[in-house]
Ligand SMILES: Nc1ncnc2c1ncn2[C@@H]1O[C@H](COP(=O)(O)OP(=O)(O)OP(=O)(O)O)[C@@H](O)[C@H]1O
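Taking the form predicted on its own, here's one chain by itself in structure tokens.
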């Protein structure tokens, strides 16, 4: 499925968070959104997912909903959003409860999601028993259980240490290669964006506008190769130069609030 954001403007009272943002997320691609703090990345994601209604502009979804999809547009949040009194399998099953599914189908979907995220052996564990990376895998498994066509990921790795983040980047890529959902991935880390995305959309500081859309022409599976590292470093420097000065200004603005 394709997702188009057309001339999006969003105000919070007298504050304009987004101004005239238009972008299309192609079927089966990973689009990363980066920009300085407060530029409206998460706001744009909330508008894309229907959580927020834009002040003006429209969100258009095109394409057929896959037969197995219970929730075509699905979120993965930064804070895991797990229920601490439920086990891993119960947290994943919770996403299915309001759908008219048999107990057998729920169990099948939960088992499949746990297997795909490496959590099968932790089905009876509780969130407090898991590391941060494992808790985020539960959040991803819960999203996968409804078979989304479009996955919206709001800084899902930002609370994790570098080693865990690296492992989960590989997990996300493996899932994407297998299922090919369209993914909108919000991050403040341009290195994450470089590892994951087909294209990177750079937003300006508030009010957020599109400064540039950078296409990463190197296939994801080749980005760790030694011979492409000069090009990857060049792309990283380009992205950082695009947001560096505005990031400094944005941090000062936030500190002054």
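Numbering follows the first chain given and starts at 1. Since the model is a prediction, treat every value here as computed from it, not as a measurement.
In what follows, reference is made to the form predicted together with the ligand, a form of this protein that is not presented.
**Student:** Specify the contacting stretch among 55-63, 218-226, 191-199, 30-38, defined as having any heavy atom within 4.5 Å of the ligand in the model of the complex.
**Tutor:** In the other structure, the partner sits against 30-38.
**Student:** Identify which of 179, 171, 90, 155 has a heavy atom within 4.5 Å of the ligand in the model of the complex; exactly one of them does.
**Tutor:** Answer to the contact question: 155.
**Student:** Which of 21, 243, 25, 17 has a heavy atom within 4.5 Å of the ligand in the model of the complex?
**Tutor:** Checking each option against the ligand in the model of the complex, the one that comes within 4.5 Å is 17.
**Student:** Determine whether any heavy atom of residue 42 comes within 4.5 Å of a heavy atom of the ligand in the model of the complex, and answer yes or no.
**Tutor:** Yes, residue 42 lies within 4.5 Å of the ligand in the model of the complex.
**Student:** Report yes if any heavy atom of residue 205 sits within 4.5 Å of a heavy atom of the ligand in the model of the complex; otherwise report no.
**Tutor:** Contact check for residue 205: no, nothing within 4.5 Å of the ligand in the model of the complex.
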